[in-house]
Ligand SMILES: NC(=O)c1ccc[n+]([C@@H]2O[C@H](COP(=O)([O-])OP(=O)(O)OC[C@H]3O[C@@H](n4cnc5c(N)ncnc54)[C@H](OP(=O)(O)O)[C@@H]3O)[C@@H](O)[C@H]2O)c1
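Just the one chain here, the form predicted alone, laid out as structure tokens.
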């Protein structure tokens, strides 16, 4: 059974806590499209009850949740802007009703507004991109981590996973997207900070770093990337697909790396390989 939208329905639940408490739960921010939607779908297939977070496109989020349900899974559509403190509090209040969250995927992100050259970059774009891509994930992770610690100690769940979706823009320069590159680079340090702090609490923290992925974010520069692929800019000569990233997340949350934390997992077709 799917819960359509607990916030707009004043947290009305069609699934009782006693029913959901034995099921693993996952929150995916920016889950209505692209990489986020693929991650939601994959986690649903793995048996997680998925909180599909969105900001603007409720119809798309509902479609993701419906797809999960049609495949036998369960999902909750959860509106909220991760860059907004009040929205983060509302999202957390919904999750607290379930008294469990096994996985947080910090996927929500926006590109540099207007893609301005670094010499023309604006503070307005900087603040918007940093709020969504870094400040929001940091404080959402902080809040969720504190709840995870409590629920693990209470025996409501065995462990926790926090996964930050970054980008090859963390180390590949784009001078017309300085704010975007800086936020993605900072996510790498954020991953290691939380990994260090939470290791003793049975919470593993990872960074998944996509390369050029077919999505609405990359659609405006499709011609450029088609050319780079043809020229062999990365060894695996194709576009990455959202499902490629979802499979990496799936491997992490299934416990295949029990002696790892703070790692960066590259899903970039080999783009990171430096070749002479």
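Positions refer to the first chain, counted from 1. The structure displayed is predicted, hence computed values, not measured ones.
Beyond what is shown, the protein has a form predicted in complex with the ligand; the following relates to that form.
Quiz item: Okay, which stretch from 103-111, 190-198, 146-154, 69-77 lines the ligand in the predicted complex, with non-hydrogen atoms inside 4.5 Å?
Solution: Within 4.5 Å of the partner lies stretch 103-111.
Quiz item: For the spot marked by 86, 186 and 205, is every residue within 4.5 Å of the ligand in the predicted complex through some heavy atom?
Solution: Judged in the predicted complex, none of 86, 186 and 205 sits within 4.5 Å of the ligand.
Quiz item: So in the predicted complex, does residue 222 come within 4.5 Å of the ligand, heavy atom to heavy atom?
Solution: No - in the predicted complex, heavy atoms of residue 222 and the ligand never come within 4.5 Å of each other.
Quiz item: So, in the predicted complex, is residue 132 in contact with the ligand at a 4.5 angstroms heavy atom limit?
Solution: Yes, residue 132 sits close enough to the ligand in the predicted complex that at least one of its heavy atoms falls within 4.5 Å.
Quiz item: Does residue 217 make contact with the ligand in the predicted complex, using a 4.5 Å heavy atom cut-off?
Solution: Looking in the predicted complex, residue contacts with the ligand include residue 217, since a heavy atom lies within 4.5 Å.
Exercise. Please run the contact check for residue 249 against the ligand in the predicted complex: heavy atoms, 4.5 angstroms, yes or no?
Key: No, residue 249 stays farther than 4.5 Å from the ligand in the predicted complex.
Exercise. Within 4.5 Å of the ligand in the predicted complex, which residues of 27-45 have a heavy atom? Give them in sequence order, or say none.
Key: Those in contact are 30, 31, 32, 33, 34, 35, 36.
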